[in-house]
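Given next, in structure tokens, is a single chain: the form predicted alone.
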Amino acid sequence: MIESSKVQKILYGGDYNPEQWPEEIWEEDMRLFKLAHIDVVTLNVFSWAALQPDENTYDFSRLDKIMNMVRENGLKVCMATSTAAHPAWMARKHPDILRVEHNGMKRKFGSRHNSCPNSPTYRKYSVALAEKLAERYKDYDNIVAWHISNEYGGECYCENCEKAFRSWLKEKYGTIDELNRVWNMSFWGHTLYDFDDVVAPNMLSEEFEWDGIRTNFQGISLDYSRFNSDSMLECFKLEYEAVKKYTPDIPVTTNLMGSYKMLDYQKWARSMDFISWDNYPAYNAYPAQVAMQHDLMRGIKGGKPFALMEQTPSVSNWHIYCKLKRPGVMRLWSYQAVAHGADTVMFFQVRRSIGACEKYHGAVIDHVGNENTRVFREITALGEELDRIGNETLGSRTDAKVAIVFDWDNWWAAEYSAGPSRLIDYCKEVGTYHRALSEKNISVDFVSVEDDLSSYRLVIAPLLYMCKDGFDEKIREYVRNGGRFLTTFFSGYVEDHDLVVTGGYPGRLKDILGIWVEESDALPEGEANSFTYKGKNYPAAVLCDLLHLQGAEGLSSYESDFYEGMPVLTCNRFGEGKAYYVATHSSDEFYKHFLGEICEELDIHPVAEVPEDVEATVRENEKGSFLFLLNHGEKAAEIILDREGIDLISGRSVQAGDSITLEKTDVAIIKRNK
């Protein structure tokens, strides 16, 4: 959320690149912005080459004209620092700025995300540019946020990074003996004698590519993932401090990318004033997939609202099939973001580029250059609605009674694991649990292992392969005090450094779950065992844990193979609460059945009773409770309301018992008095 007295409504606009166009086009853009009800533009995202043509020269003349024009036309600005792609002269004069790929290849100038995060050159000039921008534009009262760089990502394995990795390890572990211990370097005679013996884990050393990236030493690769994320975060923080020096009251962000594996966004969130992210689902994404990404981005900042920084108005250019958003879908997906916590609706791009890889990516203003397009008409209609809604929903939050644990370290470690199956997919497994709840319209928060769990009635931790130091005690206390905890196969195996916790799986969780997992059977793709629960039969696939009850109650058993009759679902009473274990991967129908039953027992109910393809969420603030109803189905849907209120979009008053009809892709936002 952009918390500022300058923001009085859901901000509406997006990435504007006037530097790609002659100045006579700018005035026409201002006219079109007014027509479309656009009130904010993100400026200066990729202008470094124009702003700094050589080592000692800065030229802000064109940016000055742009900034003055948008201010004169009443537009707010999300001001970017332009540091996502360095200028060509910098690569030519300072080759240390260029990244080295996983295979050891040194890059040349080109593309973006092309700067080594540990390059002294990059850090020097990026921070200098950010500071000069902040100093120059500090008195512009229409700047509502700073946008550092753009979509940080990728990895680097150059000498700068290798040296920085050694320093990072020395600070983390202190001695070479401790490093040898946590990486288990006695294996294969890999004992290190000095921190200078450390090399970056890529295809020149410990990693190799075989149905994805694999590694000989999971501890090394895990730490390098942590280090890489920290290195880029340090770059963000340096620019953050540079702009805060001159504009301490303007909030600072960078645009994240949902469940992006390479960066630990939970750690990043602590250094960001608010979360913003870019939503580009595939044309065939199901609603719960998109909802999960919004919920995750809301969750990394403790449930606070976020900014939808980018989405396409019509088509994404990098998908395999660049299928248009059908009429109404842009509006539907925009409101879905708001329903899950967005306080802005913004697009990439505002005017369509004429060259390079994004020239066929959707835009508010198409190549025809006028307002006479389907997309522009839809943009305008949505802008009118957002003007009517005003500031009603700003700052509102979601009151969830169910939490799902998401942890980047666990993601990295589980998928670096040398076995038991390449079908193990952390995000997919998390998504199966989220989808079951989302499609029942039960609100879900995503939490980290560091968050307080006490406000939730049910906490789910799928694939908790790495149970970090202290997290088991947090779960133990939570369940002992009456909470319900659920985890799955391949959980509790290792501690923070990917060293196995001996004494039997699931390690530190054994007493809470009341089980011992002796073996796990990895089933090839297409194979499945089965089990029956409450009269319904379900598949058991991917991994089948062979477990023994040590206090827990078996709820269902495998039905074939040599482990027929062994428990597949268990429940253990622990203190005042219960802990569940799901020893396999099953079907969507199973998760809906099982989780629905647990939620019913815990008095956790859908936020509204709606037809199957209608999504319902609730956000609340001091002004009231807002029920969002979104029809993702192919047919009209009728909803019976249980409380009186007013539809913020249509202005219609409704009473308890009234029915409203949502046409295909239609939306209603019912403000209900507290």
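One-based numbering along the sequence shown. What you are looking at is a predicted structure, and each value in this text was computed from that prediction instead of being measured.
What follows is about the form predicted in complex with a small molecule, which we do not show.
**Q** Contact with the small molecule in the predicted complex for H361, defined as at least one heavy atom pair within 4.5 Å: yes or no?
**A** Flag for H361 set to yes.
**Q** Quick one: does Y280 come within 4.5 Å of the small molecule in the predicted complex, counting heavy atoms only?
**A** Close contact exists here: in the predicted complex, Y280 approaches the small molecule to within 4.5 Å, heavy atoms only.
**Q** At 4.5 Å between heavy atoms, is Y58 in contact with the small molecule in the predicted complex?
**A** Output for Y58 is no: heavy atoms all beyond 4.5 Å of the small molecule.
**Q** Indicate whether the small molecule has at least one heavy atom within 4.5 Å of a heavy atom of Y157 in the predicted complex.
**A** So Y157 does not count as contacting the small molecule.
**Q** Using a 4.5 Å heavy atom cut-off, which residue among E439, E151, D409, E429 comes into contact with the small molecule in the predicted complex?
**A** Contact residue from the list: E151.
**Q** Considering non-hydrogen atoms and a 4.5 Å limit, which listed residue (K267, K474, R112, R377) is close to the small molecule in the predicted complex?
**A** Only one listed residue qualifies here, and that residue is R112.
**Q** In the predicted complex, which of 333 to 341, 272 to 280, 86 to 94, 480 to 488 comes within 4.5 Å of the small molecule (heavy atoms)?
**A** Flagged stretch: 272 to 280.
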